[in-house]
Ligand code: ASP
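Okay, so here's just one chain, in structure tokens, the form predicted on its own.
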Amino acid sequence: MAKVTILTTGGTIASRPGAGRMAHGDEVLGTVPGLHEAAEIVHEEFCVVASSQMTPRMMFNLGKRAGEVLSGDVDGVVITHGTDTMEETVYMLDMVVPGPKPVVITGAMRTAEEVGTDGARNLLEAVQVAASPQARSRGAMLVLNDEIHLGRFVAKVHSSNPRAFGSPAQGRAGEVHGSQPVFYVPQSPRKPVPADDIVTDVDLVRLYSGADDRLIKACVAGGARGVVVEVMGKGNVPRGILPGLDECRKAGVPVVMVTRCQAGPVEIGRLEDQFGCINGGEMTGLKARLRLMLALAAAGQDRGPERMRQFFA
């Protein structure tokens, strides 16, 4: 029987009736029929918080702990988590956790007392995925509503529906049929960012019609060490933001650009040449922000455009 460690962090899957009470991990696991038939379970409580209160630092530490667990005698790790920031945490896991063993995140859209509660099924299926040899070398994954999504593509696409997550750039990576995961995409091992820490002072700016440079300049004035800008389409920006990009260049604040669309790459050659902007590739602003946090830490003192681009290639 496969051995799976479950790290619990709180979230809706742990919500219980009465003044916003959250159950501890042992109580959450006790509600899942068949859990101990799916794998040999070891439980560890990492924290008990709503995911709206998760920070990049907590996500990073969670990833480091998952990596430590996976370095031992265990076949996979499952993390229970609230859905509000789940897409960010799973991407942090994808960048931080080394090796081929599965790391799977799951949660619930409905609390335990609601009709049609989904937490127990999601947790069981997450364990089934983590216990499967077919789940190795796929990077961090999110399992919810019978679907398997890769951490680098998944996004929360609905605020309340149980089918709350999708992968606009690729589609789901697989599904859980009965008790068996079935994958639709080939294995693709994670490529961890070699960072022992993160730089959390990174801001995210979304462009809109008529945008000027006030927000970008406010980021620099507020002490941002990096800025991610969600541009229009494939790389278009209002002229009004250009002075702000120049201020970032002069201040040595890296600017990573991604599209504000749900999917697709950007082409920002002229902005790279003029202002040293960095092409963030085909990822969302939320994920580019986390990657920049790790890149800044890994780069050390050498944070020029050429060095920073290596982390987004």
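All of these numbers come straight from a predicted model, not from anything done at the bench. All residue numbers refer to positions in the sequence shown, first residue = 1.
There is another form of this protein, the form predicted in complex with the named molecule, and it is not shown here; the text below is about that form.
Proximity to the named molecule in the predicted bound form, defined as a heavy atom within 4.5 Å, holds among 167, 83, 128, 122 only for 83. Of the residues given (228, 108, 148, 103), 108 alone sits with a heavy atom within 4.5 Å of the named molecule in the predicted bound form. Of the heavy atoms in residue 51, some are within 4.5 Å of the named molecule in the predicted bound form. This chain is displayed without the named molecule, yet in the predicted bound form the stretch 83-91 from 185-193, 237-245, 83-91, 67-75 comes within 4.5 Å of it by heavy atoms. Residues 11, 12 of 1-16 are found to place at least one heavy atom within 4.5 Å of the named molecule in the predicted bound form.
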